[in-house]
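Presented below, as C-alpha cells, is a lone chain in the form predicted alone.
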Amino acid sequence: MQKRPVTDDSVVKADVLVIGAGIAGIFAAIEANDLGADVTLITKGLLGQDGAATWMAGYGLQAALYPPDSPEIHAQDTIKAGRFLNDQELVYTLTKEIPALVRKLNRWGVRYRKENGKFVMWRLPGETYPRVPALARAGQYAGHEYRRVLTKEIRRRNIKVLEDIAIVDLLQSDGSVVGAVGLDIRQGSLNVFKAKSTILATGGHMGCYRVTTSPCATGDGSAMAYRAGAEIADMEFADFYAYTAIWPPITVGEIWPTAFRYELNGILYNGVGDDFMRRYTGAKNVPPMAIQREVQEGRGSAHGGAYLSIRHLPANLIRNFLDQVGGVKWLERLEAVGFDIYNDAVEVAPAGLCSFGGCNINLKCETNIHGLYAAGEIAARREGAYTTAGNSIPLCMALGCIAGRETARRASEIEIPRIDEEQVDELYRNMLVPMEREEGLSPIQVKQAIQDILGEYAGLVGRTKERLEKGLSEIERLRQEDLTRLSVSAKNKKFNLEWAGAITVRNMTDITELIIRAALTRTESRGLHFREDFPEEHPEWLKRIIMVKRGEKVITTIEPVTFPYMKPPATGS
C-alpha cells in the first residue's frame, strides 16, 4: 500500500473551510470573509456549474419584507407546515435573518420585479401573506439569477476557491474536526485541508433516489459527519417536487411545469380525468403524496404521474403570459416538438427535491463535534416534517450566514490545529482500494442497487415495518458484500470520475441506512413520511429521532420537541 506523505507545503490551511458551494456555502464563505477570516471554499464541480440544488431553484424564496407580514408570521407558517417538529428557536432565528439577506441579493444584482420602488410579492400555498419577491421576468427560474450573482460575489472577494474536489472524509484531532481530505479530480491526488473551523454545506441527499431534481446531492456531508461521530436527525423526512415533467420526453426531469401550476393556476387531473386534489384535505393535502397515491391505486397518467392542465383558461390570458415569458428554453423546446400549450396537459410526477434530515445543530450551526458546523440543506431541525414552496432556499441562506459569522468569530480565538498524519495515510490507503482491485462491482452498479433499495422500501408510499426491515436487511447485505467488491475499471488517476463515484456510493450506503432506520423508528405518519401500517399522525410522536455512530453500532435516541412559541393543536390534526 502507498503512503501519502504530508508536508507543510502540501496542506491547504484556512481559518474557515467551507465544503460545498451552493447558496448556504457561498453565504457562509462571504460572511466569514467579510468579517476578516481567511476562507477556502471547496466545490465538487465548477463554481456555479456544480450539482448544487441552488442552481435548480424555481420561482424564488420566501421573505417577509412588508407589513402586515413579518418574520414572526413567516416562522409560524414554517412551523405549521413542518407539523410542529421544527426547532422553533432556530426557525425564529432564521426568519429574522432573511429580509436583510434578500435585500443584499437585490443590491448584488438579482433582478426582481418592482412597482413604486417596492418588490412585487407573490403568494404561494401555505403563506399567510404574499411572501415571494417576483423575478423581473415571468417564467424565469431563480436559480439562474443566483448562479449569475453569487458566483460574481465570490470571485470579487479574497476567497480561495478550489474546484473539482471530492471530499473523502473529515480529519479529527483531540476530539475536534480540524479539516478534511479530498480527491483532486483533475490531478488524481489526495488534498489535505487544515482549518480552525469546517462548515459542511454539501447539500442534501435526494440524489440517493433514482428520480430526483438533484442527482449530485448524495448525502456526502451528512455521511462524513456521521462517520466522524456527529449526531444525525430527522432522516425520515424529505420533500419531493410534485411538478417534475415526465412527458413530453424532451423536458423530462425539468421543473418548468411550475409555471403552469403557480403562475397560471394549473389543475391536476388523474388518468380518469378527476381533479383529484379536491379529495385530499387537511394534513394529507400534499401534492407529491397525492400524485403517488393516485398512481399506486391505478389512476395515474399514461407515463406514471398526473396531468397538469391550463386548458380551463381563456386563450388570450395564456397568450398574455407567453408574451411575458418570452424565449425561455422550456417554452422553445415545447414549441419545437409541437406541444399545444393551450390544449395539451403536461405529465408530471414527484421527484426527490429537498431533504430535511442531516446534522443535528444548535442556534450557532454547531454540531456536537468541536470545530464542525453545518449549514443549508445538510442541517436538520429547520423544516420539521414538511415545508412550503420557496422556503428551503431562504432558510439555507440564513444558516450559511450564521455559520460564516460564528466561524469567523471562532477563528479570532483559537490557533490553527494540528492534523493526524496517520489518519491521512489511512484515508489515502482506503481510497486506493477500489483502484487496486482488479475485478468486482462498478460504482454505477452499486449506486443503482442502493437507489433500488431506497425506492422499493422507503419511497413516498409503501413504508411498513415489514418492508422497512427488509430494506434495512438489503442495505446491510450491500454493505457487507457489494461495497467490499467495489472496483474501478479505469486505472488512470486524473479525471477518473469512476473513482470519485466509488467515494459517493460509500456515502449513499450510510445515508440510505439512516433513512430506513429513522422511518422504521417513527411509528406514525407525518408530512411526507407515510407509514401504511400507522397512517395517522399521533401527538405522542412530537419527538425528534437522532442517530449517532458508536464504533460499528448506530445508537438511536428520541428527543421531545419543545414549543417556546407555538403549541400544536391538542388533537395533533
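Residues carry their position along the shown sequence, with the first being 1. Computed from a prediction, not measured in an experiment: that's the story for all the values here.
Separately, the form predicted together with a small molecule exists; it is not shown, and the next lines address it.
Contact check for G45: a non-hydrogen atom falls within 4.5 Å of the small molecule in the predicted complex. The closest non-hydrogen atom of L353 lies within 4.5 Å of the small molecule in the predicted complex. At the 4.5 Å threshold, heavy atoms of M224 reach the small molecule in the predicted complex. Using a 4.5 angstroms limit between non-hydrogen atoms, C396 touches the small molecule in the predicted complex. Highlighted residues Y59, A166 and G376: every one comes within 4.5 Å of the small molecule in the predicted complex, counting any heavy atom. The partner is absent here, but in the predicted complex a heavy atom of A201, alone among M235, C208, A201, A403, sits within 4.5 Å of the small molecule. The partner is not drawn, yet in the predicted complex one stretch among 48-56, 30-38, 518-526, 64-72 has residues with heavy atoms inside 4.5 Å of the small molecule: 48-56.
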